[in-house]
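What follows is a single chain, given as structure tokens, in the form predicted alone.
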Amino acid sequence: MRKIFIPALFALALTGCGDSAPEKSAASEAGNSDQAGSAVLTGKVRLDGSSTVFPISEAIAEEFGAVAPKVRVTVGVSGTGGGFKKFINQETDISDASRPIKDSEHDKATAAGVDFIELPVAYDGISVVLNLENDWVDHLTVEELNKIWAPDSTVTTWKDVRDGWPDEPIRLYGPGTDSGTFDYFTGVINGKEQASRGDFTASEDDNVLVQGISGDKYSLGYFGFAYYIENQDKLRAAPIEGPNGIVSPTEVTINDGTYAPLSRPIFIYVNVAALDKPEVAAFIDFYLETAPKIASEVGYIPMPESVYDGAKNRVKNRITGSAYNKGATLERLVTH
């Protein structure tokens, strides 16, 4: 899946794929105004969704407040699935998502009359994290992760995972079922999204997971790379043995795709109708301009400049729909 997102191909998908592409300028001149123009903007911009994308959106909202102080930007955390529900109900203007929109969500949006533009904002690598006192795990294989997290898993102790490891209970932490991180992890590790054992501590708030794992020697969990970087004084990330050998999550390995299969792009989705509001149009323009810088600052990996250029083109020309979802193929990305 990660290989589909090589920069040139993904940029092509962004500039050429969508449900419709009428020639229309982005909302209003306010979206491209200078700081003096932004300062007179008023109104409200509403975001909700992924806890993984939250650090980027929150940081950009704070930066935007400096240039448009009269615009109130709210950023909620309901998980990717929960965020899409609010987005489809038109309770929000923008939805943060740590996975592409599902076909079922796309269909519901269409039925509700919600046209959207999908915008990639950064790369993330799902980090499998351990307590600092865990001195026996040198790495984990994809097969071992499946053994631990499969719906029919019989793993109850660390010894069940690998001979020689402690005969102590393994206590698991992970995102809630509305999380895009949960969807992606279960999809690549267990072969089907939402397929997971249920006896683990789940939370849409990654800080809750950090607290639980950092206080439990025999714990294991997973969440986005930014939260690991922010808390690496409390946790350590397990190297993962996948198709490219044993690889730890780093900015380099996530960006070049060698941290596989747990590298992925993350997104925001904007309601096309909301772009008719100058404050939303201005915020989206600001988001795409500052995303490379902010992504690095909060622990994610910026995408190539060509991908951000493609995203700006989608906004400018109102290219709606998803350039990449579960059903996307190489042929579809090239020909659309």
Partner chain sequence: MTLANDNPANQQAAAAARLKRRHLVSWAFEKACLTLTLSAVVVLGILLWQVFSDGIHWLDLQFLQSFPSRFVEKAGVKSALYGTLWLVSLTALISLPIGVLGAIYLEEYAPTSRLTRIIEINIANLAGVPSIVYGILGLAIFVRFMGLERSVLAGAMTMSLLILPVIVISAKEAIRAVPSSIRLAAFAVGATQWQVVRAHVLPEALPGILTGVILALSRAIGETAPLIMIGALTYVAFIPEGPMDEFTALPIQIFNWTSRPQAEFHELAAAGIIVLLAVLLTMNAVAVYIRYRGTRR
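Because the structure is a prediction, the values reported are computed rather than measured. Positions refer to the first chain, counted from 1.
If you look for the form predicted in complex with the partner chain, you will not find it shown, but the lines that follow are about it.
Novice: Is there a non-hydrogen atom of residue 48 within 4.5 angstroms of a non-hydrogen atom of the partner chain in the predicted complex?
Specialist: Taking the distances in the predicted complex, the answer for residue 48 is yes, it comes within 4.5 Å of the partner chain.
Novice: Using the partner position in the predicted complex, report whether residue 205 sits within 4.5 Å of the partner chain, counting heavy atoms only.
Specialist: Residue-level check for residue 205: yes, a contact with the partner chain.
Novice: Taking heavy atoms only, is residue 227 within 4.5 angstroms of the partner chain in the predicted complex?
Specialist: Looking in the predicted complex, residue contacts with the partner chain include residue 227, since a heavy atom lies within 4.5 Å.
Novice: Looking in the predicted complex, any heavy atom of residue 110 within 4.5 Å of the partner chain?
Specialist: Contact check for residue 110: no, nothing within 4.5 Å of the partner chain in the predicted complex.
Novice: Quick one: in the predicted complex, does every one of 58, 61 and 294 get a heavy atom within 4.5 Å of the partner chain?
Specialist: Yes, the whole trio is in contact, each within 4.5 Å by some heavy atom.
Novice: Specify the contacting stretch among 194 to 202, 212 to 220, 90 to 98, 122 to 130, defined as having any heavy atom within 4.5 Å of the partner chain in the predicted complex.
Specialist: Answer to the contact question: 90 to 98.
Novice: Among 74, 156, 232, 141, which has any heavy atom within 4.5 Å of the partner chain in the predicted complex?
Specialist: Among 74, 156, 232, 141, a heavy atom within 4.5 Å of the partner chain in the predicted complex occurs only for 74.
Novice: Of the residues 288, 67, 272, 298, which one places a heavy atom within 4.5 Å of the partner chain in the predicted complex?
Specialist: It is 298 that has a heavy atom within 4.5 Å of the partner.
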